[in-house]
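The chain below stands alone, shown as structure tokens; this is the form predicted on its own.
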């Protein structure tokens, strides 16, 4: 049985990924800063990525690490860099010293790609993010890639489902960030985050950066409609039509197939 450590286990993605990994037969440890409710059979290990001394006992003896922990819902850019870059460095150092044979699967973001892209962004495209969150995640990717460990990096799109509230936030996010109703995003359901993480844990993505997408990108208009709060329509030109879009060809080549192919399929199944 594969023993793995999950960081970010209580977050939007982690809290939905952890039970799926446990149900798939992994012996799961969760790095937590305080007492929290966890799925049956999951071992809670007290620790903090900001405290390097707390990490050796968490990683000792693991076969894999799934690194989801990240900070982005804040205007404190220094905190974002500490959590996302320094925290990743502390984790990598601990794995290198205490579990050097472990496979490390790190979640990153499609927001690292350039907003002015001329096509759906590919893993080989140059990235030059300017905002703190994607810039810190790109820097953290570099720390892992240069570590000498066995690694893979999964660039996640707009993740939704299981009643997580992310889709429901779109009607508020759209006016806040000036999103055009025709702006289109790559998306993926939590079920398929788990699917690609499980694939990466087999070694199929070792040494690779891999985009995750389902089979059909979706507009801001459609997401708001599905959330039950339509946004204002517009026929104005869309300035950067490929921003937020990722090419998912590599994941398919590695064997990934979305179990929730479209957001409409999720709606029909009742798993939004």
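Residue numbers count along the first chain shown, from 1. Keep in mind it's a predicted model, so treat the numbers as computed, not measured.
Only in words, not in the display: the form predicted in complex with a small molecule, which the text now covers.
Here is the short version: of 225, 48, 63, 247, the single residue with a heavy atom within 4.5 Å of the small molecule in the predicted bound form is 48.
None of 231, 70, 212, 38 but one reaches within 4.5 angstroms of the small molecule in the predicted bound form through a heavy atom, and that residue is 70.
Between 118 to 126, 104 to 112, 194 to 202, 91 to 99, the stretch whose residues reach within 4.5 angstroms of the small molecule in the predicted bound form through a non-hydrogen atom is 104 to 112. Heavy atoms of residue 183 never reach within 4.5 Å of the small molecule in the predicted bound form, leaving it off the interface.
Within this chain, residue 58 is remote from the site of the small molecule in the predicted bound form, having no heavy atom within 4.5 Å. Mapping the unseen interface onto this chain, residue 12 counts among the residues with a heavy atom inside 4.5 Å of the small molecule in the predicted bound form. The closest non-hydrogen atom of residue 161 lies beyond 4.5 Å of the small molecule in the predicted bound form.
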